[in-house]
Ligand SMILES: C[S@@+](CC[C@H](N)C(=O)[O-])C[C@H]1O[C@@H](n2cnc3c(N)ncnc32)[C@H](O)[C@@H]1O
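Here you get one chain, nothing else, as structure tokens; it is the form predicted on its own.
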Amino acid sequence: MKGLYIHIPFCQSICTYCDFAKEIATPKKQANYIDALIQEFHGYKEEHKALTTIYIGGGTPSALKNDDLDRLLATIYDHISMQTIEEYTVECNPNDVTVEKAKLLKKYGVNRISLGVQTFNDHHLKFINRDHREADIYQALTILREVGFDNISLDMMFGLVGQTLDELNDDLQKVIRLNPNHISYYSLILEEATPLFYLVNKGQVTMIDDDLEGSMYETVMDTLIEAKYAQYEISNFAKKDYASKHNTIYWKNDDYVGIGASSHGKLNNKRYANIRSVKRYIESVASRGMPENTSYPYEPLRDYLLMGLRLLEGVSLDAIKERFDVDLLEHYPKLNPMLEQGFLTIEQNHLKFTRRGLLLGNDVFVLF
């Protein structure tokens, strides 16, 4: 499988926790960015032939004005065979979803929506500077389903500043009642150069402690599994046949094209990262035809493990032996104590996390 990722670095407001490449831009800058994006898209004509997934993320793709969104979607539709595309996802913010925008997405073959909910709690939504409220979530889902989208994922978050277990349970029950096909549930991570990092450093707010965060993660897992969602990745849960095909390309270490400012890609055993600045991205495409990007080391075995262990099925020791000609536990002897301490296990010759290991996964990832 091969995927195409397109980055839209625009938002209506900037979330306090977000360190992705994003900005609030003028209509002219957005239009210029789409021009550059389309030009870069045309630079990957050969790769268009083998695509199986498309993912437009951000930022907030739904923040684009409809005419700019139309230009981008029409270009993709005209130059990629939709018959080969198994999954075509666009990220949306709840209060961007209108009947007109939903119909536009549907018109050009989008078949999956990732809705950025984060939480249903209006107090927490306000603190993290989301520009939607609980009522907007229900309205967006009603519109999407009436327009004909039957593959919807909800992006959720736990570990918010001041969040309690009761509030998390309230969110979980609302998620389950909405009955999405897929749920991503991420822990809030404190990233440098974000408003939240500034507030924490100034002592104005405090992150929740590790014990509560661990309890919240276990609550998420237990509740969603009981509701018949299969956990197939550290932070992702799905009904049968609704696991994210595009994200699985990353986790299986397959190839993908990344276009747009700050996008990363992996092609033919090489990784690259596009320039992060939107202004410089637009300028470099205008002057060079393609954006400035930087190649960075691709370490096949290390990358295979870092991504593959995120999957609950783990990594096949037989496949590693065949593909890389190494005995994994001899190559990484520090993994053995992790097995002995119960962070990792081997089942059907697959190395995978235990429940305990899922709670402390970063302690394993640093070994590679």
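Each residue number is its position in the shown sequence, starting from 1. Not measured: the values here are computed from a predicted model.
In what follows, reference is made to the form predicted together with the named molecule, a form of this protein that is not presented.
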Region of this chain that lies against the named molecule in the predicted complex, out of 254-262, 237-245, 221-229, 148-156 [heavy atom, 4.5 Å]: 148-156
4.5 Å heavy atom contact with the named molecule in the predicted complex for all of Cys18, Gln118 and Arg130: yes
Listed residue (Ser187, Ser215, Asn293, Asn111) with a non-hydrogen atom within 4.5 angstroms of the named molecule in the predicted complex: Ser187
Proximity to the named molecule in the predicted complex, single hit among Glu191, Asp170, Glu86, Glu100 (heavy atom within 4.5 Å): Glu191
Close approach of Asn274 to the named molecule in the predicted complex, 4.5 Å, heavy atom: no
Contact label in the predicted complex: Asn93 to the named molecule, heavy atom within 4.5 Å: yes
Close approach of Thr60 to the named molecule in the predicted complex, 4.5 Å, heavy atom: yes
